[in-house]
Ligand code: X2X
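Here's a solo chain for you in C-alpha coordinates, the form predicted on its own.
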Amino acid sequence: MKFRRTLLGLAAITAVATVLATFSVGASAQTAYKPEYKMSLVLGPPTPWGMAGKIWADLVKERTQGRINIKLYPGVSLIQGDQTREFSALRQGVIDMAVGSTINWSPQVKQLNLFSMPFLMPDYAALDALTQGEVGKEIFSTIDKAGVMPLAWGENGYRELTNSKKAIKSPEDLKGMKIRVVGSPLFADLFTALGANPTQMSWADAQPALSSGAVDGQENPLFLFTVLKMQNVGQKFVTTWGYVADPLIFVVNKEIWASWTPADQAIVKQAAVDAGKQEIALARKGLVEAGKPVLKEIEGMGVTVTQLTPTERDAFVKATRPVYAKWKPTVGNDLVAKAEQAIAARKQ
(Lines give C-alpha, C1' and ligand atoms only; values in the text may rest on other atoms or scores of the structure.)
Protein backbone atom coordinates (compact mmCIF):
# COMPACT_ATOMS: atom_id res chain seq x y z
CA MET A 1 0.00 0.00 0.00
CA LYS A 2 2.81 2.32 0.91
CA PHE A 3 4.59 1.41 -2.34
CA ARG A 4 1.44 2.24 -4.32
CA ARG A 5 1.11 5.67 -2.61
CA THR A 6 4.73 6.34 -3.50
CA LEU A 7 4.06 5.52 -7.16
CA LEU A 8 0.98 7.75 -7.19
CA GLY A 9 2.99 10.54 -5.63
CA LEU A 10 5.70 10.19 -8.23
CA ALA A 11 3.10 10.19 -11.02
CA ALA A 12 1.53 13.36 -9.64
CA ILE A 13 4.90 15.08 -9.42
CA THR A 14 5.71 14.02 -12.99
CA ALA A 15 2.37 15.35 -14.26
CA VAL A 16 2.88 18.70 -12.55
CA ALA A 17 6.41 18.92 -13.92
CA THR A 18 5.13 18.19 -17.44
CA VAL A 19 2.49 20.90 -17.17
CA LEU A 20 5.03 23.39 -15.86
CA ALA A 21 7.49 22.48 -18.62
CA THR A 22 4.79 22.87 -21.28
CA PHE A 23 3.75 26.24 -19.84
CA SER A 24 7.37 27.34 -19.73
CA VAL A 25 7.95 26.39 -23.39
CA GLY A 26 4.72 28.14 -24.43
CA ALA A 27 5.58 31.25 -22.46
CA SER A 28 9.11 31.39 -23.86
CA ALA A 29 7.75 30.92 -27.42
CA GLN A 30 5.34 33.79 -26.79
CA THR A 31 8.03 36.13 -25.55
CA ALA A 32 11.05 35.03 -27.63
CA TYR A 33 11.49 38.37 -29.33
CA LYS A 34 14.12 38.85 -32.01
CA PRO A 35 16.73 41.56 -31.39
CA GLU A 36 15.76 43.09 -34.74
CA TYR A 37 12.89 42.73 -37.21
CA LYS A 38 13.35 43.22 -40.96
CA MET A 39 10.92 45.55 -42.73
CA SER A 40 10.80 45.51 -46.53
CA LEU A 41 10.08 48.67 -48.53
CA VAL A 42 10.35 49.48 -52.22
CA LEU A 43 11.25 53.11 -51.53
CA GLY A 44 13.01 54.60 -48.53
CA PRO A 45 12.73 58.04 -46.94
CA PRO A 46 12.22 60.84 -47.90
CA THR A 47 9.43 59.44 -50.11
CA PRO A 48 6.02 59.07 -48.44
CA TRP A 49 6.34 55.29 -48.88
CA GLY A 50 9.67 55.23 -47.09
CA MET A 51 8.36 57.55 -44.40
CA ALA A 52 5.50 55.12 -43.77
CA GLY A 53 8.04 52.51 -42.71
CA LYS A 54 10.13 54.93 -40.67
CA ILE A 55 7.17 56.39 -38.79
CA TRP A 56 5.82 52.90 -38.05
CA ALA A 57 9.19 51.61 -36.85
CA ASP A 58 9.78 54.68 -34.65
CA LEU A 59 6.31 54.50 -33.07
CA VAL A 60 6.67 50.77 -32.35
CA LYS A 61 10.08 51.19 -30.73
CA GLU A 62 8.85 54.08 -28.60
CA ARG A 63 5.59 52.45 -27.52
CA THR A 64 7.13 49.05 -26.72
CA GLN A 65 10.02 50.65 -24.80
CA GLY A 66 12.44 49.04 -27.23
CA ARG A 67 11.06 45.49 -27.00
CA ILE A 68 10.42 45.55 -30.77
CA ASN A 69 13.17 47.06 -32.89
CA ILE A 70 12.67 47.33 -36.63
CA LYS A 71 15.26 47.89 -39.35
CA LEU A 72 14.20 49.24 -42.74
CA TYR A 73 15.34 47.52 -45.95
CA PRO A 74 14.37 49.80 -48.86
CA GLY A 75 14.79 48.83 -52.48
CA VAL A 76 13.25 45.43 -51.60
CA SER A 77 16.88 44.50 -50.92
CA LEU A 78 15.86 41.42 -48.91
CA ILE A 79 14.71 39.81 -52.18
CA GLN A 80 17.30 41.26 -54.59
CA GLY A 81 15.01 44.07 -55.75
CA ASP A 82 12.25 41.84 -57.16
CA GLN A 83 9.11 43.70 -56.06
CA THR A 84 6.70 40.99 -57.19
CA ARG A 85 8.32 38.39 -54.87
CA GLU A 86 7.73 40.43 -51.73
CA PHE A 87 4.40 38.90 -50.71
CA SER A 88 5.68 35.34 -51.13
CA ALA A 89 8.78 36.20 -49.10
CA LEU A 90 6.54 37.56 -46.33
CA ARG A 91 4.62 34.30 -46.16
CA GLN A 92 7.84 32.29 -46.12
CA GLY A 93 9.38 34.34 -43.30
CA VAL A 94 12.22 35.80 -45.38
CA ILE A 95 10.68 39.19 -44.52
CA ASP A 96 9.25 39.97 -41.05
CA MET A 97 7.23 43.08 -41.88
CA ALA A 98 6.47 45.31 -44.84
CA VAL A 99 4.65 48.33 -46.12
CA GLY A 100 3.76 46.93 -49.51
CA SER A 101 2.08 47.91 -52.76
CA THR A 102 -1.25 46.46 -53.82
CA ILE A 103 0.10 46.42 -57.38
CA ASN A 104 3.22 44.46 -56.48
CA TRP A 105 1.24 41.91 -54.48
CA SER A 106 -1.57 41.50 -57.02
CA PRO A 107 0.08 38.52 -58.81
CA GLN A 108 -0.27 36.55 -55.54
CA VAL A 109 -3.56 38.09 -54.32
CA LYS A 110 -5.76 38.62 -57.38
CA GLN A 111 -8.31 40.75 -55.50
CA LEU A 112 -5.68 43.49 -55.12
CA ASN A 113 -6.01 44.13 -58.86
CA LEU A 114 -9.18 46.00 -57.89
CA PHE A 115 -7.16 49.20 -57.39
CA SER A 116 -5.61 48.81 -60.85
CA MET A 117 -8.94 48.59 -62.64
CA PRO A 118 -8.65 51.49 -65.11
CA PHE A 119 -10.45 54.66 -64.07
CA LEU A 120 -12.43 52.96 -61.28
CA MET A 121 -11.57 55.65 -58.69
CA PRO A 122 -12.09 59.20 -59.98
CA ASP A 123 -10.91 60.99 -56.83
CA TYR A 124 -9.51 60.59 -53.32
CA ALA A 125 -12.99 60.29 -51.85
CA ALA A 126 -13.51 57.23 -54.04
CA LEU A 127 -10.22 55.72 -52.90
CA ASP A 128 -11.11 56.32 -49.25
CA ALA A 129 -14.55 54.80 -49.76
CA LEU A 130 -12.83 51.54 -50.70
CA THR A 131 -9.93 51.32 -48.26
CA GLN A 132 -11.85 52.63 -45.24
CA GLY A 133 -15.09 50.76 -45.88
CA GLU A 134 -16.43 47.23 -46.29
CA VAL A 135 -14.35 46.62 -49.41
CA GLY A 136 -11.17 47.32 -47.46
CA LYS A 137 -12.25 44.92 -44.69
CA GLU A 138 -12.95 42.19 -47.24
CA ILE A 139 -9.55 42.65 -48.85
CA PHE A 140 -7.84 42.46 -45.44
CA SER A 141 -9.69 39.21 -44.77
CA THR A 142 -8.42 37.86 -48.09
CA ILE A 143 -4.82 38.85 -47.26
CA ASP A 144 -5.15 37.23 -43.84
CA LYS A 145 -6.32 33.98 -45.46
CA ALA A 146 -3.43 34.22 -47.93
CA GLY A 147 -1.01 33.96 -45.01
CA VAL A 148 0.00 37.49 -43.99
CA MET A 149 -1.37 39.67 -41.17
CA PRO A 150 -2.73 43.02 -42.53
CA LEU A 151 -2.90 45.93 -40.08
CA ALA A 152 -3.46 49.28 -41.79
CA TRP A 153 -3.72 51.17 -45.06
CA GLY A 154 -1.26 53.66 -46.51
CA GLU A 155 -0.97 55.20 -49.93
CA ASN A 156 1.45 55.39 -52.82
CA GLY A 157 -0.94 57.69 -54.68
CA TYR A 158 -2.50 58.09 -58.10
CA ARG A 159 -0.18 57.08 -60.91
CA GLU A 160 0.33 59.74 -63.56
CA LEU A 161 1.94 59.49 -66.99
CA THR A 162 5.26 61.02 -68.04
CA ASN A 163 7.24 60.83 -71.27
CA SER A 164 10.07 62.40 -73.27
CA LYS A 165 8.21 62.94 -76.56
CA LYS A 166 5.08 65.08 -76.36
CA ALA A 167 2.02 66.12 -74.37
CA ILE A 168 -0.43 63.22 -74.05
CA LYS A 169 -4.03 64.33 -74.43
CA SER A 170 -5.65 61.36 -76.19
CA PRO A 171 -5.12 57.62 -76.66
CA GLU A 172 -3.83 58.37 -80.16
CA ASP A 173 -0.93 60.31 -78.64
CA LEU A 174 0.30 57.13 -76.94
CA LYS A 175 0.44 54.98 -80.07
CA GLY A 176 3.82 53.30 -80.49
CA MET A 177 5.32 54.82 -77.34
CA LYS A 178 7.48 52.55 -75.18
CA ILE A 179 6.14 52.90 -71.64
CA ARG A 180 7.74 51.28 -68.61
CA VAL A 181 5.10 49.52 -66.51
CA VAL A 182 5.18 47.48 -63.32
CA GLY A 183 5.17 43.68 -63.37
CA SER A 184 1.42 43.21 -63.53
CA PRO A 185 -0.33 41.69 -66.57
CA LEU A 186 -3.22 44.12 -66.12
CA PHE A 187 -0.91 47.07 -66.85
CA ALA A 188 0.40 45.38 -69.96
CA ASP A 189 -3.18 44.85 -71.18
CA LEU A 190 -4.10 48.42 -70.35
CA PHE A 191 -1.30 50.13 -72.25
CA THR A 192 -1.62 47.73 -75.17
CA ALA A 193 -5.29 48.75 -75.44
CA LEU A 194 -4.14 52.37 -75.65
CA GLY A 195 -1.79 51.57 -78.53
CA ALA A 196 1.42 51.89 -76.53
CA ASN A 197 4.25 49.38 -76.23
CA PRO A 198 4.33 48.44 -72.52
CA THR A 199 7.67 47.24 -71.17
CA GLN A 200 7.76 45.57 -67.76
CA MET A 201 10.89 46.29 -65.74
CA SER A 202 11.97 47.11 -62.20
CA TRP A 203 12.46 50.73 -61.26
CA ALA A 204 16.20 50.14 -60.93
CA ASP A 205 16.30 49.13 -64.60
CA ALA A 206 13.84 51.81 -65.67
CA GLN A 207 15.96 54.81 -64.75
CA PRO A 208 18.87 54.10 -67.13
CA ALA A 209 16.39 53.02 -69.82
CA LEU A 210 14.61 56.37 -69.56
CA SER A 211 17.88 58.27 -69.51
CA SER A 212 19.17 56.57 -72.67
CA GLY A 213 15.87 56.89 -74.51
CA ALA A 214 15.40 53.13 -74.78
CA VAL A 215 12.07 53.73 -73.04
CA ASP A 216 9.96 56.82 -73.77
CA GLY A 217 7.90 57.13 -70.62
CA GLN A 218 6.60 55.70 -67.37
CA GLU A 219 3.73 56.01 -64.88
CA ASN A 220 4.18 56.70 -61.18
CA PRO A 221 2.93 58.96 -58.38
CA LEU A 222 4.06 62.55 -58.81
CA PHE A 223 6.06 62.65 -55.57
CA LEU A 224 8.51 60.33 -57.29
CA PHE A 225 8.94 62.81 -60.13
CA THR A 226 10.00 65.57 -57.77
CA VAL A 227 12.15 63.37 -55.49
CA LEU A 228 14.05 61.78 -58.39
CA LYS A 229 14.00 64.89 -60.62
CA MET A 230 12.76 62.87 -63.57
CA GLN A 231 13.28 65.75 -65.96
CA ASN A 232 16.95 64.77 -65.74
CA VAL A 233 16.14 61.38 -67.31
CA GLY A 234 14.32 62.97 -70.22
CA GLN A 235 10.80 63.15 -68.78
CA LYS A 236 9.69 66.54 -70.10
CA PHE A 237 5.94 65.91 -70.28
CA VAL A 238 3.47 64.99 -67.51
CA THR A 239 -0.18 64.08 -67.97
CA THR A 240 -2.42 63.87 -64.89
CA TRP A 241 -5.16 61.34 -65.66
CA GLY A 242 -5.61 59.52 -62.34
CA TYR A 243 -6.19 56.20 -64.08
CA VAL A 244 -5.27 53.99 -61.11
CA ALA A 245 -4.22 54.44 -57.50
CA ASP A 246 -1.89 52.29 -55.44
CA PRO A 247 -2.82 51.88 -51.78
CA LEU A 248 -0.12 50.53 -49.47
CA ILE A 249 -0.71 47.90 -46.79
CA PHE A 250 1.11 47.54 -43.45
CA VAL A 251 1.62 43.83 -42.76
CA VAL A 252 3.47 41.40 -40.47
CA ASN A 253 4.53 37.81 -41.08
CA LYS A 254 2.11 35.54 -39.19
CA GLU A 255 4.72 33.63 -37.18
CA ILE A 256 6.28 36.90 -36.05
CA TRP A 257 2.84 38.21 -35.16
CA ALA A 258 2.07 35.10 -33.08
CA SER A 259 5.37 35.45 -31.20
CA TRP A 260 4.33 38.80 -29.70
CA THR A 261 2.12 39.22 -26.65
CA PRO A 262 -1.45 40.42 -27.27
CA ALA A 263 -0.51 43.75 -25.69
CA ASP A 264 2.38 44.24 -28.11
CA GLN A 265 0.23 43.12 -31.03
CA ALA A 266 -2.22 45.88 -30.14
CA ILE A 267 0.62 48.41 -29.95
CA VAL A 268 2.05 47.40 -33.34
CA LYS A 269 -1.37 47.55 -35.00
CA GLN A 270 -2.25 50.97 -33.59
CA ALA A 271 1.19 52.27 -34.58
CA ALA A 272 0.51 51.06 -38.13
CA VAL A 273 -2.86 52.82 -38.20
CA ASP A 274 -1.30 56.05 -36.91
CA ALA A 275 1.63 55.81 -39.34
CA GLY A 276 -0.78 55.14 -42.20
CA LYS A 277 -2.77 58.28 -41.51
CA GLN A 278 0.39 60.39 -41.38
CA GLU A 279 1.75 58.81 -44.54
CA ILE A 280 -1.47 59.33 -46.53
CA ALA A 281 -1.30 63.04 -45.68
CA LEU A 282 2.31 63.11 -46.94
CA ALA A 283 1.38 61.30 -50.16
CA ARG A 284 -1.40 63.81 -50.92
CA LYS A 285 0.51 66.91 -49.93
CA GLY A 286 0.57 69.43 -52.77
CA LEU A 287 -2.13 67.60 -54.70
CA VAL A 288 -5.26 68.30 -52.65
CA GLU A 289 -4.67 71.99 -51.94
CA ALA A 290 -5.97 74.77 -54.18
CA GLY A 291 -3.76 75.20 -57.23
CA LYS A 292 -2.03 71.84 -56.66
CA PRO A 293 1.42 73.18 -55.67
CA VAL A 294 3.19 69.97 -56.78
CA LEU A 295 2.14 70.62 -60.38
CA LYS A 296 3.51 74.16 -60.13
CA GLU A 297 6.76 72.77 -58.77
CA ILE A 298 7.06 70.35 -61.69
CA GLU A 299 6.31 73.09 -64.21
CA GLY A 300 9.09 75.07 -62.57
CA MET A 301 11.47 72.29 -63.60
CA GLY A 302 10.82 73.12 -67.25
CA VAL A 303 8.24 70.36 -67.65
CA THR A 304 4.96 70.63 -69.58
CA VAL A 305 2.05 69.53 -67.36
CA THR A 306 -1.20 68.52 -69.04
CA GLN A 307 -4.36 68.21 -66.94
CA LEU A 308 -7.01 66.37 -68.93
CA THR A 309 -10.43 67.88 -69.36
CA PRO A 310 -13.41 65.61 -68.51
CA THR A 311 -13.98 65.02 -72.24
CA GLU A 312 -10.34 64.09 -72.82
CA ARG A 313 -10.36 61.76 -69.84
CA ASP A 314 -13.54 60.06 -71.09
CA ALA A 315 -11.73 59.08 -74.29
CA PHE A 316 -9.19 57.12 -72.19
CA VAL A 317 -12.00 55.59 -70.12
CA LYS A 318 -13.77 54.32 -73.24
CA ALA A 319 -10.54 52.97 -74.76
CA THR A 320 -9.82 50.91 -71.65
CA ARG A 321 -13.31 49.54 -70.95
CA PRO A 322 -12.53 46.21 -72.67
CA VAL A 323 -9.62 45.78 -70.22
CA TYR A 324 -11.93 46.60 -67.31
CA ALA A 325 -14.42 43.99 -68.54
CA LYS A 326 -11.69 41.38 -69.08
CA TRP A 327 -10.26 41.73 -65.56
CA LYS A 328 -13.52 42.03 -63.65
CA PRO A 329 -13.99 38.23 -63.26
CA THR A 330 -10.36 37.83 -62.18
CA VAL A 331 -10.72 40.42 -59.43
CA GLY A 332 -14.15 39.04 -58.55
CA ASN A 333 -17.44 40.25 -60.00
CA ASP A 334 -18.99 40.68 -56.56
CA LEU A 335 -16.00 42.61 -55.19
CA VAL A 336 -15.95 44.97 -58.18
CA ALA A 337 -19.70 45.52 -57.83
CA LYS A 338 -19.29 46.36 -54.12
CA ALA A 339 -16.50 48.79 -55.02
CA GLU A 340 -18.61 50.49 -57.67
CA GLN A 341 -21.51 50.85 -55.22
CA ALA A 342 -19.24 52.25 -52.48
CA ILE A 343 -17.81 54.81 -54.87
CA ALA A 344 -21.25 55.84 -56.12
CA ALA A 345 -22.36 56.40 -52.50
CA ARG A 346 -19.22 58.26 -51.39
CA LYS A 347 -19.27 61.64 -49.68
CA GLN A 348 -17.32 64.27 -51.62
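We number the residues from 1 along the sequence you see. Just so it is clear, the structure is predicted and the values come from calculations on it, not from any experiment.
Although it is not shown, the form predicted together with this ligand is what the next lines describe.
With a 4.5 Å cutoff on heavy atoms, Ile103 counts as touching this ligand in the predicted bound form.
Contact annotation: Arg85 falls outside 4.5 Å of this ligand in the predicted bound form, judged by heavy atom distances. Contact check for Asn156: a heavy atom falls within 4.5 Å of this ligand in the predicted bound form. At the 4.5 Å threshold, heavy atoms of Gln235 stay clear of this ligand in the predicted bound form, well away from it.
Per the 4.5 Å heavy atom criterion, this ligand in the predicted bound form is contacted by stretch 40-48, the sole one of 66-74, 40-48, 306-314, 282-290.
The listed set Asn220, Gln111, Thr239, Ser116 contains one residue whose heavy atoms approach this ligand in the predicted bound form to within 4.5 Å, identified as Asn220. Proximity to this ligand in the predicted bound form, taken as a non-hydrogen atom within 4.5 angstroms, holds for one residue of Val148, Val182, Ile139, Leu174, which is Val182.
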